[in-house]
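Below, in structure tokens: the form predicted alone, a single chain.
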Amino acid sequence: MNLELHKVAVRQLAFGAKTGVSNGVLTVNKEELKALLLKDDRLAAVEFDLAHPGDSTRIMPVKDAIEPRCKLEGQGEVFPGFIGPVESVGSGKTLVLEGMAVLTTGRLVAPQEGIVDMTGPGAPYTPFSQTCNLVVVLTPREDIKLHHAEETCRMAGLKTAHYLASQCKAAKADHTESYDFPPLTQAMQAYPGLPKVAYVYMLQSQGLLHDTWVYGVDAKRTLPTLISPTETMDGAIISGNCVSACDKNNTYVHLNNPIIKALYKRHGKEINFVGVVITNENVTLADKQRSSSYAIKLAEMLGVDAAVISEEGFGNPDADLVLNCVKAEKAGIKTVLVTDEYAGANGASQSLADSCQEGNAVVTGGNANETIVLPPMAKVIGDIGQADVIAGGFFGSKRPDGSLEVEIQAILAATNELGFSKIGAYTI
């Protein structure tokens, strides 16, 4: 499978009479877009706002972030099962509006929604302080069930992202990236002198609005399977969860998975990147055992020497991470784990809910319990009326002057477990 990403740079957003991009400025006809979204009668109201890097703006509660994309050539359409038909994607040509994001906001699940500050001390913790953001403020009807409200907000974000890209098909790309993933028979025989490496990609699927969608199917309803890394770039994996903002993999992150990009960068030089195994994170022990055994069986069938394993979320999913690690190591597959930590505000508590001796190569996204004071902003997009119950908040989080004292788990992507964050580390 060969996929070309035709990237059009967006450096500024504006509202106007016609949606399109010119000289780095994306103009949005918000009335046309509003009419499109309000075709879903589960929405009571839709509003739009703009936020640029450096603005004194706070956006919360943020549900999802999506990068606008659409197909130019090739089978299917981006976000298959939602926007496009349920056809395989990951080949052909895809248009990407680079440098911007669609952020959806609305009061859905109060404890599990995030903050994006476009400036100030909170801005370096989120990559979305560096994107030009079209914020979609959604108000679902009060009489619909919570999971229907989540669905309609999820669909509104995807529709917006696809609409923006599809209105810019005539734009000339500023640059093009090409990714190839050959048939497995070829991949396994390539680069015989290099270690074969797979990526075990854990997807949040604990239910109760802790869901991830693959080709329109809730991941908890699936067994682990193989997927081409190029399929993820076309939106085969969609975020539908409301876990803590710091480490949930929103749709933008799935589209731009940095682990996949890092493996591609080293492919043919240091490693032979032979595939991606997607697996779920379950609630019961039997389901965890089934999925971990099946995922590692697939890695063994690929004949890999090593695997990178990433998780999403914390606590209960730590058990899935450890099971995948132990079973891979016992199968002779060396593992590197990617997670984050909940080690208490001082970093002295146990970082993970589970552990194992085999897990001796671990990359951390940071300690989500670290606290930060976010100063008042001149503008707030969304609702911060319940800031004291947001994940990472506590009684008194919202101060009279408009500032917030929260753990960094309240900030979108602050400790992202795919490494899609600004936190780094060094040795001394």
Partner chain sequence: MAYRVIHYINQFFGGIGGEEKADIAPEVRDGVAGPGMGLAKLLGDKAEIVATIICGDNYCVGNQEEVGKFIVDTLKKYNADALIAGPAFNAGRYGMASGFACSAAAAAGYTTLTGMYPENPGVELYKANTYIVPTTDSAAGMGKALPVMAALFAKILSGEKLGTAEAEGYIERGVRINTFYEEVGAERAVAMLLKKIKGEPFTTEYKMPVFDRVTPRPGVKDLSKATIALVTSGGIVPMGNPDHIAASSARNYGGYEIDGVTDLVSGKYQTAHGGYDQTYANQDPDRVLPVDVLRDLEKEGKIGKLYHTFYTTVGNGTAVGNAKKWGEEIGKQLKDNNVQAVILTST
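Positions refer to the first chain, counted from 1. Computed from a prediction, not measured in an experiment: that's the story for all the values here.
This protein has a second form, the form predicted in complex with the partner chain, left out of what is shown; the following refers to that one.
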Report yes if any heavy atom of residue 334 sits within 4.5 Å of a heavy atom of the partner chain in the predicted complex; otherwise report no.
yes
According to a 4.5 angstroms non-hydrogen atom cut-off, is residue 329 in contact with the partner chain in the predicted complex?
yes
In the predicted complex, is there a heavy atom of the partner chain that lies within 4.5 Å of any heavy atom of residue 81, even though the partner is absent here?
no
If we define contact as a non-hydrogen atom of the residue within 4.5 angstroms of the partner, is residue 359 a contact of the partner chain in the predicted complex?
yes
Pick from 180 to 188, 229 to 237, 300 to 308, 84 to 92: which stretch has non-hydrogen atoms within 4.5 Å of the partner chain in the predicted complex?
300 to 308
State yes only if every one of 2, 216 and 275 has a non-hydrogen atom within 4.5 Å of the partner chain in the predicted complex; otherwise state no.
no
By the heavy atom within 4.5 Å rule, which residue out of 265, 175, 169, 141 makes contact with the partner chain in the predicted complex?
265
Identify which of 255, 153, 97, 338 has a heavy atom within 4.5 Å of the partner chain in the predicted complex; exactly one of them does.
338
Output the sequence-ordered list of residues from 342 to 356 with at least one heavy atom within 4.5 Å of the partner chain in the predicted complex.
343, 346, 347, 348, 350, 351, 352, 354, 355, 356
